[in-house]
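Listed next as structure tokens is one chain, alone, in the form predicted on its own.
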Amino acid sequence: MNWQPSASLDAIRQRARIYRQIRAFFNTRGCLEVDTPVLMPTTGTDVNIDSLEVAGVDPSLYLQTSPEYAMKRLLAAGSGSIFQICHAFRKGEAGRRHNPEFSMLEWYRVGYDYQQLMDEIELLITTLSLSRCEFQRLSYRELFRQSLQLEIDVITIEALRERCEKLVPGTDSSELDTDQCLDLLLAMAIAPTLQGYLFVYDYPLSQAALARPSERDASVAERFELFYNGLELANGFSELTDAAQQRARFEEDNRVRRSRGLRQLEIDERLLAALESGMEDCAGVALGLDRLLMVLLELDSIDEVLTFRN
């Protein structure tokens, strides 16, 4: 039986260094480190994320896919800017770049918007990498325009499905909706061509259930993702603070779940109550630490940075 760690001792030491530097970075920038529960009675309704439910517990509890909801309750309670290093869990995610249990850095900055948060991510990663890093930014629309010569605002669903089947051989796109087609093209046709650090921002509003709508363009949300050579590292946004809008988006998630034959999930009423009580304008982001460590150490498999692979 192989009892040895998956990661080398050097990778384990590098992880420890990075955690120390993260804490120093946020401590000097006035952010409070917090700790929230891993087990909670509700979970996210995102149709693209499957949660792990704990068996033998009554009432049911879920391993959290992110500390987001609990951290937002802290923000509503007046915590100010906060950060957390934690483990998160997602069902069905296993492979060279995925593991059902993974390490996450999540933080929220009161008074920031998503553009300011991107600035801070650049500074953090440059600090952790111990070298100068170059970052690019491109809107979601422009990414599809430059990569595939595709105008996402005017293309019909029929033409979009045809493009999916042409660019992703073997795909049956007949039942895919617009967002599913765009997700497929981004993951399979665009991401493999990306080079270096790239922020993709201003996602369609339909793909940003927890993000604030843009004041400049109501069809998009102030959401971004950070990629490195096509590998997704982070997902962040200017936070939606309107409880009524947030409830409507959770209900829409469950409607989509129902249409796709997925289980509908209980809405987190405590989060909505926190938003109703008032939460300051802020921006937040989740950064995958295992993947970032892969990038910084120039490794190709998540096994090489996990202390033990399940």
Partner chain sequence: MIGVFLIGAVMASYSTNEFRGGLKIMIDGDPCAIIENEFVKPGKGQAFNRVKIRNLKTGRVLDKTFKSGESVDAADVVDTEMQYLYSDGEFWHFMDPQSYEQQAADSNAVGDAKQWLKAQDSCEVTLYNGSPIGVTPPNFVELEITDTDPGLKGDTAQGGTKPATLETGAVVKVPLFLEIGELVKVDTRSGEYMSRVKK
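Positions refer to the first chain, counted from 1. Every value quoted in this text rests on a predicted model; they were computed, and no experiment measured them.
Below, we refer to the form predicted in complex with its partner chain, which is not included among the displayed structures.
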Contact label in the predicted bound form: Ile190 to its partner chain, heavy atom within 4.5 Å: no
Contact flag, Phe237 vs its partner chain in the predicted bound form, heavy atom cut 4.5 Å: yes
is_contact(Arg258, its partner chain) in the predicted bound form, heavy atom dist at most 4.5 Å: no
4.5 Å heavy atom contact, Glu93 and its partner chain in the predicted bound form: yes
Proximity to its partner chain in the predicted bound form, single hit among Leu194, Leu160, Leu105, Ala209 (heavy atom within 4.5 Å): Ala209
Heavy atom within 4.5 Å of its partner chain in the predicted bound form - the one residue of Gln264, Ser60, Ser277, Asn48 that qualifies: Asn48
Listed range touching its partner chain, judged in the predicted bound form by heavy atoms within 4.5 Å, from 77-85, 117-125, 194-202, 93-101: 93-101
